[in-house]
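In structure tokens, the next block holds one chain alone, the form predicted alone.
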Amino acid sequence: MFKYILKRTFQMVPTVIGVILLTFVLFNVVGGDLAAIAMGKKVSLQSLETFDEQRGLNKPLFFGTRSKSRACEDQDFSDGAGRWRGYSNAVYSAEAGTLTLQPGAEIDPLAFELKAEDEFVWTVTYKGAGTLAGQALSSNDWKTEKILFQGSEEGGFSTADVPLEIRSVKFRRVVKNPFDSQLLFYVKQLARGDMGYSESQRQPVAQLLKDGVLPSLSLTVPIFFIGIILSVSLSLVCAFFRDTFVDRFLVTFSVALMSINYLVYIVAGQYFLAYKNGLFPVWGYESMRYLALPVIIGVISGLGSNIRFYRTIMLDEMYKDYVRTAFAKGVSKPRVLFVHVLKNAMIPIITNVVIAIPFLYTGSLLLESFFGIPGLGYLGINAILSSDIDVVRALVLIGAMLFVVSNLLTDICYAAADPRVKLK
């Protein structure tokens, strides 16, 4: 078994790499402007640049020697003047799609002071004469030129006696190592156990996860085990009394439980059991008494679908040849059910159970939110509402990793439950 586990662990490596890449693409590529999402669009460009720098978002995505800077956005004047329209010594022509700097004009389009140790490059399409970052520009025809300069140097435009017409400008930071990218930064961050920093909570994400895992497990683990024991036991009762009143009643009861919305259980439980009768606290996480009502609601809400699922499994086993043989040999019905049928039904039961294991860590979003339990589900809801990207990304990544590990655990449990399954 040890060799099999070691082999499967090595086989999981490409999957783990794929999960990391997928998480990176979802948040860094598809997710849009993470700094603007987390901090809002009304903050200063320098604050957004600081956010990018702290999270490696000011680097190329995968590789490259240039990266964008918020000090100056790209501008193609055929699409409009943008914030360049505000310069009094520059004239924008929508018809020509150009911005003309008048003679004697000085314009510094950089939104904030650059770092002295960094190197930057302007890419400008122009006609006329002037200077950019202290370097001369002169051409009678349209020309595209790249101007390199150090962050400690002056980076603006100026003209003397001749106007300077500009069609487009691009501003980039020079990256000396082409592989110093956002992806490499993310992988290094994960390698040292750094999940990022929560802007809304003002704490490292790893600390928030550490603080939230115990409340989540204290809620989800009792729901998990009580739900399994109850649903499997009641499904065996259905199989024992199949086609009788007991079986039909439990099936009807299960369908009724499945038909009620999850929020109805929460609101009804809080109102009737907690508020009206005072049997349970409504809100908080001070003792195990505060967990009793959410655990009851969690068990009841999932009981219906589980009973239907496990009942189907048990009845499917009841009509197999080995059951008829056992009955023919005079084996009692309880022994057939609890020894033979239950043992042979363990494979689908294990599959259903292990799939639920990753959710034990991530917690219950609605229960934690409605009952004020400071677990990972509550943390995840608040992170989504406050656009706390680092927290959401960490929860998504850990959940995906747990699914990968649970697949290995499923195979091991198969072998333990069914001797016909060999780990090779």
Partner chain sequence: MWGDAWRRLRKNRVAMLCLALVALFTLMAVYGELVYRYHDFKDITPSYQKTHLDLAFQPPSSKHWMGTDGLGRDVMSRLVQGVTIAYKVGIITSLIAIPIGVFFGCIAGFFGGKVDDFVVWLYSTFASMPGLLFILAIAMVVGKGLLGIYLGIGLTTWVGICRLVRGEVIKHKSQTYVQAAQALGLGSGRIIFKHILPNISHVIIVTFTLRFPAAVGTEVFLSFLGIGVQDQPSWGLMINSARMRLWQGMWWEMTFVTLAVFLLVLAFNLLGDALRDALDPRLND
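Positions refer to the first chain, counted from 1. For clarity, every value in this text was computed on a predicted model and none was experimentally measured.
What follows is about the form predicted in complex with its partner chain, which we do not show.
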{"item": "4.5 Å heavy atom contact, S259 to its partner chain in the predicted bound form", "value": "yes"}
{"item": "4.5 Å heavy atom contact, L48 and its partner chain in the predicted bound form", "value": "no"}
{"item": "Any non-hydrogen atom of V267 within 4.5 angstroms of its partner chain in the predicted bound form", "value": "yes"}
{"item": "4.5 Å heavy atom contact, Y361 to its partner chain in the predicted bound form", "value": "no"}
{"item": "Heavy atom distance at most 4.5 Å to its partner chain in the predicted bound form, all of I5, A206 and I357", "value": "no"}
{"item": "Partner-contacting position among K170, K127, K115, R308 - heavy atom within 4.5 Å of its partner chain in the predicted bound form", "value": "R308"}
{"item": "Options 230-238, 149-157, 72-80, 274-282; stretch whose heavy atom lies within 4.5 Å of its partner chain in the predicted bound form", "value": "274-282"}
{"item": "Sequence-ordered list of residues in 225-250 near its partner chain in the predicted bound form, where near means a heavy atom within 4.5 Å", "value": "D243"}
